[in-house]
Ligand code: ATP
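Let's start with one chain on its own, the form predicted alone, as structure tokens.
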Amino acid sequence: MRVGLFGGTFDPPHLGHLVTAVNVRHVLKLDIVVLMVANDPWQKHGTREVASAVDRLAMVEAAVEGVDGLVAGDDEISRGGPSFTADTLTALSNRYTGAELFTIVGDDAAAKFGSWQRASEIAKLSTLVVVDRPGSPLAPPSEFIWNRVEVPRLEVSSTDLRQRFVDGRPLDYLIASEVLNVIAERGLYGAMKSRAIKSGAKKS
């Protein structure tokens, strides 16, 4: 079995995340890609308020529902405390005995990979995959072996999406309608129910 680990804060998850996951799965012929929700994203400490892990998991579950080969992961939430990729890979190797694991990161995260907690352990436990966008990809640390996968460039960021909820700009075709419904039901990002359900694109 070939299992991809695509971790993140997912605050909120958007179509760029889904496009990345499905393209990497196709290129590398992965059986599944686990969108692993960080319980405590320690890299963001002191930078901004983050939606609760339970809310972010609910959004990811809605985002991947019905998408072949994509699953939501709650291992880091169940484990509690700060989220470290090496621990998550160990948990996945225990669950999917004998599976080949792939750690999927964007080129910006890959460029800083040397500063990750237990980076060498991550490289031993999994194949490292860096996602490139057309243009000028960032160079990951050369001491590690990387598989590169190019995916379509979508200028979508969770930061911008959170601000769109505040200032009322359109969210159409940026967040799946299923995710918008979760956001509305839980009152996340100051969302109004009527606006959230009307906006957004259906997953194809």
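Given the structure is predicted, the values throughout are model-derived calculations rather than measurements. All residue numbers are counted from 1 along the displayed sequence.
What comes next is about the form predicted together with adenosine-5'-triphosphate, which does not appear here.
J.: When you measure heavy atoms, are 10, 14 and 108 every one within 4.5 angstroms of adenosine-5'-triphosphate in the predicted bound form?
T.: Checking in the predicted bound form: 10, 14 and 108 are all within 4.5 Å of adenosine-5'-triphosphate.
J.: Taking adenosine-5'-triphosphate in the predicted bound form as the reference, which of 54, 156, 139, 27 has a non-hydrogen atom within 4.5 Å?
T.: The option sitting close enough to the partner is 156.
J.: Check residue 131 for me: does it contact adenosine-5'-triphosphate in the predicted bound form (non-hydrogen atoms, 4.5 angstroms)?
T.: Close contact exists here: in the predicted bound form, residue 131 approaches adenosine-5'-triphosphate to within 4.5 Å, heavy atoms only.
J.: How about residue 162 - does it come within 4.5 Å of adenosine-5'-triphosphate in the predicted bound form, if we only consider non-hydrogen atoms?
T.: Within the cut-off, so yes.
J.: Among 68 to 76, 117 to 125, 81 to 89, 99 to 107, which stretch has residues whose heavy atoms lie within 4.5 Å of adenosine-5'-triphosphate in the predicted bound form?
T.: That would be stretch 99 to 107.
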